[in-house]
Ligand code: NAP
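Only one chain is included here, represented as structure tokens and corresponding to the form predicted on its own.
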């Protein structure tokens, strides 16, 4: 079979590799679609820890082609989405229910061979059924949605709350929808690209701001801004120094700031600790998707979260390396790799 292999930092190629065989508790899945995530670009540049050589791709869905001898609950022909994050279940963090902080955490597509391939091997405990009539492309959104759900859970959004979302990529646009489902009545999204602002409004944002045309903090939290004094919750979804710096000043006193965006490992920004102290802000990191993948799959399957308009284009496996290497095109939200 063919697979997109990260052979070392900076070296990404399609290779012919041996088709994986499922172990006793594994599913062999024929990949229908796999999303290209910003993390894949971080892997290529050595900005996120991984274990090359490895097949990348952690946002995937597909059809079960074979099952291991001890598999229960799945049959050949089932459509599934895979939760890539595999915890040990035995370390202190796992025993405390914080499986995303597992000391031995491994991820399919980062440490184990992933979904930018014709086939991927998935442990049955990491697989979740999807409807047989679901658009095959939509299943690839379950993993990023599951990560957004964890951030929303941490934010503890209450009915009637105000929320600011920084970044108009796929994470920001999924978070807009989740914030509205959680009961937020004001959802402001800040992003430079007009097409993404219009899309955010169509998906539920009550207001949008162009930070390249105005001071975003003043336009949102200033005395004459959209939310004078700031928002109940600010969620950083861009993983950029500018938005990381903006996030605390956009929160109201007593508000919550959640970091969902991924910056390169080792990157630094300046913050003002006195402001966080004096206004008693909650500043939280949100890492991957503990116990949220089933909920994400259900939201996608029900249509409660809209993903069709988030698909900017699809590419073949042969074109996937270039799509990962190059910056996203203007206005692009999510590129999906279709192996076949």
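Keep in mind it's a predicted model, so treat the numbers as computed, not measured. Positions refer to the first chain, counted from 1.
Form predicted in complex with the named molecule: not shown, discussed below.
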Heavy atom within 4.5 Å of the named molecule in the predicted complex - residue from 248, 225, 123, 211: 211
Of these, 260, 184, 257, 220, which has a heavy atom no more than 4.5 Å from the named molecule in the predicted complex? 260
Close approach of residue 240 to the named molecule in the predicted complex, 4.5 Å, heavy atom: yes
With a 4.5 Å heavy atom cut-off, would you call residue 288 a contact of the named molecule in the predicted complex? yes
Partner contact for residue 110 in the predicted complex: the named molecule, 4.5 angstroms, heavy atom: no
Whether residue 84 contacts the named molecule in the predicted complex should be assessed with a 4.5 Å heavy atom distance threshold; does it? no
Even though the named molecule is not shown here, does it sit in the predicted complex so that 2, 5 and 80 each have a heavy atom within 4.5 Å? no
The chain here is shown without the named molecule. Which stretch in 261-269, 176-184, 225-233, 155-163 comes within 4.5 angstroms of it in the predicted complex, by heavy atom distance? 261-269
In the predicted complex, residues of 144-160 near the named molecule [heavy atom within 4.5 Å]: 147
